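First comes one chain, alone, set out as C-alpha cells in the form predicted alone.
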C-alpha cells in the first residue's frame, strides 16, 4: 500500500530551541495515527509543519508523492513555494485546532459552507447540500441555523470538524480538539471522531486522551523532546512499552 503522507528527517527550530529532531514516519490510507507525549514534545509543531503553517529547516514532507512547502533550486538550495502553490497544497489537508475558530457572525451552516464557496468556488446550492450532509454526520442537523454563541463548546468543535471534512481533504489533522472543552462535552467530540475512524477517514490526532488513543488509533506514535521514541500498534505502545521514557510517561498520565 502506498502511503498518503511520508515524513523524512523533519527538523524544526525556534531560534536556538530545537523543536523537531529528525522526525520520520508514514501515514497510510484509513490510518488513524494518535500522537502522544508530554507538553513541549513537538506534537503540535509537527502538525503545523504538515499543514504548512510553519516553515522547517530540513527534511521532507510528501503528500501523495508530492513534496510539500518547498522545491529544490539549482545547487541544492531549498526554496519555499509561493503562496498560491502553498494554498493549492494546503487544500488537500484539513486541520482542526484546540480553539474552534468559527466565524461568530455565521451560522453553523454558514461556517461549513464558507470554504466551499470562497475556496472551492462551488455554487451556493451545492455548498449548502454538502454542508448539511456533514452537519448531519456530526449530529448537528437540527442546529445548522444556530450561531456559535448559541452552541456548546462540543457542538462548536463538531462544526469545526464538519467544516474541515466538507472540503474533502486527503488527510485530517486534529490538534488536541478536546482540550478546551468541559469534561462532560469531551465524549461527544470523541464519539464523532470514532465514527469518522470507522468510516475510514485518514487522520493524524494529537491527543492527551490515552484511553481514546488506545481504542481508536490504528497506530500510536510517542514523541519526546522533538523525536519519535516509539511507534506501533496501540496494544504494543500501551501494553508493552519498550523504552523507559514511554513507560514513565504512561505511568504519569495514568495517575
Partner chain sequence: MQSFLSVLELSWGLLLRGLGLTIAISAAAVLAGAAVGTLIGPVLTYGGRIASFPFRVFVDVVRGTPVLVLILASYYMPAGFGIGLGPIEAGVLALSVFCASHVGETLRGALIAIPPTQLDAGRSIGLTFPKMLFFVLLPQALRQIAPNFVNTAVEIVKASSLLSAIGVGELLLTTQEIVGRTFMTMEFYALAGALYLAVNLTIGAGGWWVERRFRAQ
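Positions refer to the first chain, counted from 1. None of these values were measured; they are calculated from a predicted model.
FYI, the form predicted together with its partner chain isn't displayed, but the following is about it.
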| property | result |
| --- | --- |
| Exercise: residue 123 in contact with its partner chain in the predicted bound form, heavy atom 4.5 Å | no |
| Contact test in the predicted bound form: residue 31 vs its partner chain, heavy atoms, 4.5 Å | no |
| Residue 81, heavy atom within 4.5 angstroms of its partner chain in the predicted bound form | no |
| In the predicted bound form, residue 158 touching its partner chain (heavy atom, 4.5 Å) | no |
| In the predicted bound form, segment of 130-138, 181-189, 92-100, 71-79 with a heavy atom within 4.5 Å of its partner chain | 92-100 |
| Selected contact from 214, 194, 208, 48, since only one has a non-hydrogen atom within 4.5 angstroms of its partner chain in the predicted bound form | 48 |
| Full three-residue contact with its partner chain in the predicted bound form, heavy atom 4.5 Å, for 53, 104 and 118 | yes |
